[in-house]
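Here you get one chain, nothing else, as structure tokens; it is the form predicted alone.
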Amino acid sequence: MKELLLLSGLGIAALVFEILNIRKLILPFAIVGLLVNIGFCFNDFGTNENIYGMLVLDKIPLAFTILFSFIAILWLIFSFNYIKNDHSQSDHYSLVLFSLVGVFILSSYTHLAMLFLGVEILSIPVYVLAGSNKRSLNSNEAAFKYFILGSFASGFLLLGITFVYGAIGSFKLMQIVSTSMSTYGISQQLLMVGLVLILFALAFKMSAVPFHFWTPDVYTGAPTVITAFMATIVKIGAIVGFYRLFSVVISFYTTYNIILLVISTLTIVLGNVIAATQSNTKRMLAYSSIGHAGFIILGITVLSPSTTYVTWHYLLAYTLSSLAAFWVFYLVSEQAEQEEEISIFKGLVKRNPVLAGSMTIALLSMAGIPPLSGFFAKYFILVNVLASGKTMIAVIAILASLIGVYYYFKIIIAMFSMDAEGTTPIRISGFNTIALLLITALIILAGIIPDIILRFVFR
């Protein structure tokens, strides 16, 4: 309970600091608050706190809370240069912190009403953040498009929850389990329609095919810092929300496995194939995020005792790599007058070796090159897929990953090519250098010692 109160309090504090005209304290206060939140989570392991029958804080939600709190700290550091000059910085910080409340609820809900609340508390601040660059027509368009399509998804979600309630007479997840054992008086057709509608809504939030079409436009139109937030924190919230419901559903209703296998396979293939055709870096990273979402959904679909750990590790590897990639892209595009083409990376190794090195490690990890964390993230999922007897799907996923290697290497080759786009060195602050080196080290460590990290978090 104190994690929820703390995150909510941080959002309110950001607004109070604005009234007191002490905006400079918002960022350090938020970072300290998130560190305290991580400490609360470690302290609460084993308590299995049940909050009014709506949320439960066992080790799974606590582990995911640790993950998104840590990534949020890194994102806040990344966003400092972007937000510090904005006169509405307290609004930015409060929106981000309130959206973390939504991610926390999605990590811990046991009641479908909380699923809806979590999705909305997460989404509404992000609609505003996507349009936070008021002078950019693309940013305004991205926000409007995201809001309209997100509203449709929310409608599907609410309708699906209503159907599920109509079928089983309860909003509780455990009641869905009970209905699988005793079907007397249960409308299976209504339950199926309801769960499929919820699946469609969550697929939209995760950018899964065929509900992915908004992602490239919104990612491209939104400010790069906000795009990084959507590709990391928002992605964690959507996937954890999906995992909590459908890990229960597919345990007792195998019918949904086929639907999820189709969605995950199409998401992996289309995400990687279309990413390979892009020359705009943000669109390429957007389609790349779609491919990674497909991998995570596939890992959840082939449910096994290790699925929680595999999903957590994949999200750790993906969010670290994605954050590093967007961070470097932001710094390079600033020098290139906001250009977003892959060509802006030409000769980057000569202009700033730290940026080139961090970007290379991040891209190699997302491509699944050993021994980086992205390799083991995919490896663990493919092991589970093969163990479940779905060899053909594993082969398709591997082939799609090979396509991913091609488009990630387009940027790496550009960075190490001799014909530099510009000869001016890119100077970055020591703060950015240390942060990027730290993330790079974490990407490597999460690949070398994944078992130690998992044992430390899931103790």
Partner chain sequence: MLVLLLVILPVLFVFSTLFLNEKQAKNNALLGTVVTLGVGLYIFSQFKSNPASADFIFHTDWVQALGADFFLKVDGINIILVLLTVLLLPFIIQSTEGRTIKNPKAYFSLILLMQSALLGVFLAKDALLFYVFWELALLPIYLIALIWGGAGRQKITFKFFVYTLFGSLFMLLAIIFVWMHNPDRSFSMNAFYQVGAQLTAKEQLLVFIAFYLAFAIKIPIFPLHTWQPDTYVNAPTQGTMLLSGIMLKMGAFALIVWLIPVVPLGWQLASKYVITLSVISVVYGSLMALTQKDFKRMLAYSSLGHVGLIAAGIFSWNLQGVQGALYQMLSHGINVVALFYVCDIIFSKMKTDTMHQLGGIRNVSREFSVLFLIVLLGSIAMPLTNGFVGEFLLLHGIFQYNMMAALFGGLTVILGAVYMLRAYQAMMHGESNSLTQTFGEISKDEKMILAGFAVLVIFFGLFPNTILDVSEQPVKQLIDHVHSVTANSVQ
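Residue numbers count along the first chain shown, from 1. Every value quoted in this text rests on a predicted model; they were computed, and no experiment measured them.
Absent from the display: the form predicted together with its partner chain. The rest refers to it.
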item	value
Candidate site Y379, F409 and D451: all three near its partner chain in the model of the complex by heavy atom within 4.5 Å	yes
Segment that reaches its partner chain in the model of the complex - one of 163-171, 361-369, 229-237, 271-279, heavy atoms within 4.5 Å	361-369
Partner proximity in the model of the complex: V32 to its partner chain, non-hydrogen atom cutoff 4.5 Å	no
Contact label in the model of the complex: I148 to its partner chain, heavy atom within 4.5 Å	no
Residue contact check: F375 to its partner chain in the model of the complex, 4.5 Å heavy atom	yes
Its partner chain contact in the model of the complex: S417, any heavy atom under 4.5 Å	yes
Candidate from M192, L266, V383, V128 lying within 4.5 Å of its partner chain in the model of the complex - any heavy atom	V383
One residue of L27, M54, I426, V405 in contact with its partner chain, assessed in the model of the complex (non-hydrogen atom, 4.5 angstroms)	V405
Residues within stretch 347-362 having a non-hydrogen atom within 4.5 Å of its partner chain in the model of the complex	none
